[in-house]
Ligand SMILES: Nc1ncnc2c1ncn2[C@@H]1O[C@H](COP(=O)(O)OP(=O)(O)OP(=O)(O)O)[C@@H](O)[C@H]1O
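Only one chain is shown below, in structure tokens, and it's the form predicted alone.
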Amino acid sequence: MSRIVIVGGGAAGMYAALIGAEKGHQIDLYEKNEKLGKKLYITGKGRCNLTNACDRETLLGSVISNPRFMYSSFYGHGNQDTMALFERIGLSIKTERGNRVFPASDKSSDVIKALERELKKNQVRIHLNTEIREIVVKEGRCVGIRTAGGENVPADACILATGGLSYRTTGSTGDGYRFAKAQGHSIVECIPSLVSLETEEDWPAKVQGLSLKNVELLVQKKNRILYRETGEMLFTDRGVSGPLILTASSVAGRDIMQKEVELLIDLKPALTHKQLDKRLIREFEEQKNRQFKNCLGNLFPNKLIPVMVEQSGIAPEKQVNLITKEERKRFAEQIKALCLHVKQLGGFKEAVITKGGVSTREVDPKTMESKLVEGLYFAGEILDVDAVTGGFNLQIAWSTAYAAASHMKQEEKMGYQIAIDGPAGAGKSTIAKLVAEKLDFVYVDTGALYRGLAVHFLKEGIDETDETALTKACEKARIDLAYENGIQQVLLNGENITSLLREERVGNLASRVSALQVVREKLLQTQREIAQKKNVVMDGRDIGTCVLPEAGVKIFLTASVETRAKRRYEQLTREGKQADLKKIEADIQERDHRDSHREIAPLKQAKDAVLLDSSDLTIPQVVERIIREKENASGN
């Protein structure tokens, strides 16, 4: 296990912390605000456009700055992977127009809560209201951080996920750029992006709040086309905004900074110049005795008419039957190319993201590790990578965070992991033991760990509804695994309790308390530490979805209720114990419902798990199927 420090508790920081913890690292997450995810909270007007459910080509094509840099991280963990992860941690999502993905609740707070819940479950240590002064580097390697309070925090690696400069009130004050620059990194000039544009003309203020739909925007500089698209835009008190404008600011931002950029708005993109001229002739014919200013109601929104009249150069009171052919043609040109000159980009205060940041030339695109300082990684907006609107910038944060967290070096090489999940009585333990034996892997019966704690609670007379008592009991309990002649033994505070684990009352209590956060946190790290160091076969109810989400092979082993009840009945009978088949069947049904409906880590099949129904299979057949899956996954 490596100790990893992450600076910045925004989208990229939280995601990296979760992935790193699931990979078996000890994670310390530092955030200078009083809570995590402040910018994420306001993203998408409080709805949080998580990602975009487009194809991979569109995903890469939506990146404006340094798209080639994102190739590896998008392929390593793309939009579909992000959606699967959020669903795995209990966030319901939905896809809307333009493939934009949102939480089903339309609340960004639910995204933050889901991440915070997982961070807590994975024992990530969160340090709020803690500002970082500097990154500590010795002999070309990052060895920790120093807080503003003077505390030295040692670490094996550090991820900078401090964001950019947009929305400074959320804590995006450019700290990460300062840290990176101090270590020799080049910082590409930072400018606001996905931001409104201020214009030289002041007439937009007269139509402030007016939204135009289905117009074409052409952005050009000295007749060089920078951007052209059809969509929606909005007039503001200082210029223009809306989806088209935000994207234009992203695509042409650097050119806008150098001035001489103009916007041409086609108010009737569906009509050719010839068709528009015919339309004007018809409108003027039908209203030939009316004044020019009063005959445009069928062409433009009422709020825009005074501006169009003013810009046309045609006298407002002029009767339309007196308008010359040249005046009409000039007016048609105006409709097809209403011109505005860009004065400047809107400020960082309103910008959605920052364009610029740590130069991608100095960062490994596969791992996000600095090419200058070993053990220093970057994730999210701090990098000189940005995209258009639609969930693409958050996907950059998720993908770079995943790349950084999943490529940090382990102190010891992680073993190969086979995760077997399934309902009670499906034969998981029997099968897992045989698979482990065949492959010469270590078998880890996670259910036995939970049963070990249940034995402790029963011995201590702990009320399972008393959370305080459970917490104290967990603190006093030490659950260890030992192996005698290759057979797993469970030790409770040094005492071998293996013979007690299969009692019905122990199993039922273990099922009930395994849903409790305090119990899960107690055992989660133990399981991961074992899997990190050895080749393991681990069985339980949430191994593939929670404990070992990166397992090389995931199996969801099940069987019908009747089959499982019969197996349990025959096992008890062979052991000379009294057994009631109907009662066993009822207990199994109740336990299935309880395990699959519990709030924390419910029993469910991982999306990438192989479903294996053993109702009509022999034990050797099931074992052979799993070994075949392992061979296929390993490529041998």
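Numbers for residues come from their place in the sequence shown, where the first is 1. Since the model is a prediction, treat every value here as computed from it, not as a measurement. Definition used throughout: the rigid core is the maximal C-alpha set that superposes within 1.5 Å between two forms.
The same protein has a further form, the form predicted together with the named molecule, not shown here; the description that follows concerns it.
Colleague: So in the predicted bound form, does residue 502 come within 4.5 Å of the named molecule, heavy atom to heavy atom?
Modeller: Judged by the heavy-atom cut-off of 4.5 Å, residue 502 is in contact with the named molecule in the predicted bound form.
Colleague: Residue-level question: is residue 144 within 4.5 Å of the named molecule in the predicted bound form, judged on heavy atoms?
Modeller: It does not: once the named molecule is placed as it appears in the predicted bound form, residue 144 has no heavy atom within 4.5 Å of it.
Colleague: Would you please decide whether residue 525 lies within 4.5 angstroms of the named molecule in the predicted bound form, comparing each non-hydrogen atom pair?
Modeller: Result no; residue 525 lies far from the named molecule in the predicted bound form.
Colleague: Using heavy atoms and a 4.5 Å limit, would one call residue 26 a contact residue for the named molecule in the predicted bound form?
Modeller: Answer no; every heavy atom of residue 26 is more than 4.5 Å from the named molecule in the predicted bound form.
Colleague: With the named molecule left out of view, which of 267, 119, 490, 424 would have a heavy atom within 4.5 Å of it in the predicted bound form?
Modeller: That would be 424.
Colleague: Identify, from the list 591, 604, 56, 607, the residue with a heavy atom within 4.5 Å of the named molecule in the predicted bound form.
Modeller: Answer to the contact question: 591.
Colleague: Would you mind picking out the stretch of 243-251, 338-346, 358-366, 560-568 that comes within 4.5 angstroms of the named molecule in the predicted bound form, counting non-hydrogen atoms?
Modeller: Partner-contacting stretch among the options: 560-568.
Colleague: Just to make sure I understand: among 439-467, which residues lie within 4.5 Å of the named molecule in the predicted bound form, judging by heavy atoms?
Modeller: The one in contact is 451.
Colleague: Could you tell me whether the Cα atom of residue 36 shifts by at least 2 Å between the shown form and the other one after core superposition?
Modeller: Result for residue 36: no, shift under 2 Å.
Colleague: Is residue 63 one of the residues whose C-alpha moves 2 Å or more between the shown form and the other one after the core fit?
Modeller: Where the cores coincide, residue 63 shows only a C-alpha shift between the shown form and the other one that is less than 2 Å.
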